[in-house]
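Each of two forms of one protein chain follows alone as structure tokens, named structure 1 and structure 2.
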Structure 1
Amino acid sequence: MAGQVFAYITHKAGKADDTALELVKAAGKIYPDAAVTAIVTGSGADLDALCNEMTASYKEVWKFDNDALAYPNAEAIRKLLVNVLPQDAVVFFGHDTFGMDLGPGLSIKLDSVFLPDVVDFEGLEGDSLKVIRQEYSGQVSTHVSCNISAGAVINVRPGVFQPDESGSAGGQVVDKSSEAGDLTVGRHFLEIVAAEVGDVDITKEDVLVSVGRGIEDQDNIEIANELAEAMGAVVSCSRPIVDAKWLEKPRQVGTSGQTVKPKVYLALGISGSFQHMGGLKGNPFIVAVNKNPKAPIFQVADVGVVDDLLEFVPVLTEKIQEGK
């Protein structure tokens, strides 16, 4: 078995990302008896409250309060982690834009294994860890075995593990700010540019009807509009729909679009790539309709329907209207 197990906590304005409580569950699947240590970086008054919040799920929380860490700069945080992590550490991150920026370089600096976009674990036998990843936009599942005796950097796909809501860890905060070392880097934060807001703000909607490549034609989006109207929902989409200019950019859900937290998410003809699912937060109730039974979205959906959406959706709309 490798060394100590860590989870890096991403957050914004003092609020932890949903992956914060997913990572401890992911780590627990292969290290059921290990005490996972949370790493929280930042600067300011919100940091203490966030660290205290994390003690409900993590036995130990390492706090690093430094002006250089006020914005999540992957270059600075990579230097920090190289300075403070023990040899053979296994570190978990969310597989989002930040995790993709940070993880590969960190694994090189630590001379350890890098496992991106992990969707499940098959087990740990000695130093051999077996994981499941996905290739070709989720169309193929790959089973990977690697030796983690020298440690590992593991990026876990957001949303594939249920968050830890037990609140039973009873952990403690350890201030390690003095051990951060030199965090001088070439990359510097300049400003945050707010995303463009269109005729609707999908980030504030409780119910979204989202369309993907499976809608096939721009004219077919009217089917989704009719369903959304019947449900009291708003239509959103995946990136191919925006790239085709069938819907405007503010309606795009994903890492290159909007981050949404609906209560119900109806995905029509969406494969479920990590780039799309990375924009979906808050553990919504997901209903997926896709004629490909192997579409990766079915791995995270609460309800999956294998059917041609062009045939299924009009019938569903009719039934909802009758129910009213």
Structure 2
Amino acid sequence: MAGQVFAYITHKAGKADDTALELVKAAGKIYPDAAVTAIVTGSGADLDALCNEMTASYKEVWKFDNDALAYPNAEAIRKLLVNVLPQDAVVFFGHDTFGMDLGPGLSIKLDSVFLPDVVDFEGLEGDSLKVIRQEYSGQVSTHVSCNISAGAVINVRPGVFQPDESGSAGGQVVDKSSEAGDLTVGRHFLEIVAAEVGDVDITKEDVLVSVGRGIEDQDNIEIANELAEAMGAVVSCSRPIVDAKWLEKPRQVGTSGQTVKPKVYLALGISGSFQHMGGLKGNPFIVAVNKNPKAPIFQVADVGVVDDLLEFVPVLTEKIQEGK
């Protein structure tokens, strides 16, 4: 078997991220019997409570308390991990903007294989691990295999593994702060600038008409506006629409936009990438209109219309108006 197994716990304002308990399940999929060690870094009063909380799911919790770790600067944490981890460690992270920041460089420094954005594990045979990834925003999946005897950095996609809620690990906290070593780095955290607030708050809406790149042209946004008006809904969108400046950032649904909880979500010309779907919570009734019958969004939608939205949506709008 490969080296010791670790999971890095991200947390904010004293609260562990959802991935904290998902990583237990992810690691358990390849190491059903291994004791996974949680790594918790930070500074100050909140840290002990958080470490204690983690002992419910992890046998051992390594605590690193250091002023330099007050904000999770991936550069500093990478140095810390290189200082304290055995070289053949198998380390799990969530594939979020922190995991993306840290994982690739860590794998180089530990000279271990990197497996980004893993959505499932096919199995471990000897030292040979086979995982499932996706490419092209989820249009196709791939099996990736590698030898992990020299260690591995594995970033798993947030939200795909169920959280561990057994709470039965009965673990213990080990204060490793004195082993942190030199943490000076060339990148310094300054501040967080909060996302801008728009004229509509899509997080509070029950019905969203959401447009993606399939809308094709700025002028066509009007088609979505008309439908939304007929339905009594509000228009939201995917990221490329904001990048193109066709709609304002506060209307963006997704991991780097808003998290919405509507009852009904109408996705027009949206492919269904995980960064987009990651912003959609509360199990809404999803309708997808997409001209590609194989678009990944049809796998998660309740109802699908395979059609050119530029033709279908005006028909839909007109019929709704007629019925009123």
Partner chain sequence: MEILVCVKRVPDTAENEIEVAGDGSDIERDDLVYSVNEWDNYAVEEAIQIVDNAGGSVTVVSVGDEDAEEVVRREMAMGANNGILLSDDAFEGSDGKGLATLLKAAVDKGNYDLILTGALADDGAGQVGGMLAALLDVPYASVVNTIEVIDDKKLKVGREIEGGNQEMNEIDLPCVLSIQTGINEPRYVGIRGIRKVASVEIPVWGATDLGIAADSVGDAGARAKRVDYFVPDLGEGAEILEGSSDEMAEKLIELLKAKGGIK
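Just so we're on the same page, rigid core means the largest C-alpha set that superposes within 1.5 Å between forms. Counting starts at 1 with the first residue of structure 1 and goes up one by one along its sequence. From a predicted model like this one, the values you see are computed outputs, not experimental measurements.
Of these two forms of the chain, identify the one that is the form predicted on its own. Answer is structure 1, the other one does not fit.
Superpose the two forms on their rigid core, then report whether the C-alpha of N290 is displaced by 2 angstroms or more between the two structures. N290: C-alpha displaced by 2 Å or more between the two structures.
After a core superposition, would you say V84 shifts its C-alpha by at least 2 Å between the two structures? The answer is no, as the C-alpha of V84 shifts between the two structures by less than 2 Å after core alignment.
Taking the rigid core as reference, does V242 move its C-alpha 2 Å or further between the two structures? The answer is yes; the displacement is at least 2 Å.
Looking at A267, what is the CA displacement between the two structures after core superposition, in angstrom? Reported C-alpha shift between the two structures: 6.5 Å at A267.
When the rigid core is overlaid, by how much has the CA of V253 moved between the two structures, in Å to one decimal? Its alpha carbon moves by 2.9 Å.
Relative to the superposed core, report the C-alpha shift of F312 between the two structures in angstrom. The alpha-carbon displacement, core-superposed, is 11.5 Å.
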